[in-house]
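The chain below stands alone and is given as structure tokens, in the form predicted alone.
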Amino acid sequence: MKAIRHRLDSVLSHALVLLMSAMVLNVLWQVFSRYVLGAPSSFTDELARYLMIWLGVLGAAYVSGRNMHVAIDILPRRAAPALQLRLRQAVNWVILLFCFFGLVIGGSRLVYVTYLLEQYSPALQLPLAYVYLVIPLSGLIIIFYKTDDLLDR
């Protein structure tokens, strides 16, 4: 399980670097075409928005796997070690359930509905189901991480 987790961390970190690089290049092209060429590119704003969505949602999955997410830890810090373990497990269960119902099931329904309605982005003519696909994907990744955390302890 540790080998799979390490490989997933590596794939996610490289994907995030790639997404961020693409977003930076896209925004640089947008600025260059607008101010230097005087003719702004029509697709760059939309592409930057979609890259930011993927970067943010996949980044949240990556951070969750590294246990670096934002947390209020006043109570756990002051609790006994046994209670700290129980609190960590309870939090992992809550995250796992939210990801299953909210991200995987809800996100899959969103992808399915946008696919059925054949919704496309205005400038790129990209099916919006592809944009929303990151929601259930990141939910599955977080579920994997939290299940591994629960089984590890």
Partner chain sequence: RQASSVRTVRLAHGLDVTHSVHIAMVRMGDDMARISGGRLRLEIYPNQQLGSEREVLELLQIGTLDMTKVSAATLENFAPKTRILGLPYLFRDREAAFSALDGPIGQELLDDGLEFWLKGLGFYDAGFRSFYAMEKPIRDPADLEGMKVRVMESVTAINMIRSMGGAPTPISWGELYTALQQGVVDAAENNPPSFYLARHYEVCKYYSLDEHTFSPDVLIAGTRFWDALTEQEKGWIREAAANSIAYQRELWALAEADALEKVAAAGVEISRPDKQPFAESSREAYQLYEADTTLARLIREIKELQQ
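Note that the coordinates shown come from a computational prediction; the quantities given were computed from them, not determined experimentally. Positions refer to the first chain, counted from 1.
The same protein also exists as the form predicted in complex with its partner chain; that form is not shown, yet it is the one meant from here on.
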| query | finding |
| --- | --- |
| Partner proximity in the predicted bound form: Leu110 to its partner chain, non-hydrogen atom cutoff 4.5 Å | yes |
| Contact flag, Leu117 vs its partner chain in the predicted bound form, heavy atom cut 4.5 Å | yes |
| 4.5 Å heavy atom contact, Tyr132 to its partner chain in the predicted bound form | yes |
| Its partner chain contact at Leu126 in the predicted bound form, heavy atom, 4.5 Å | no |
| Residues of stretch 19-43 in contact with its partner chain in the predicted bound form (4.5 Å, non-hydrogen atom) | Arg34, Gly38, Pro40, Ser41, Ser42 |
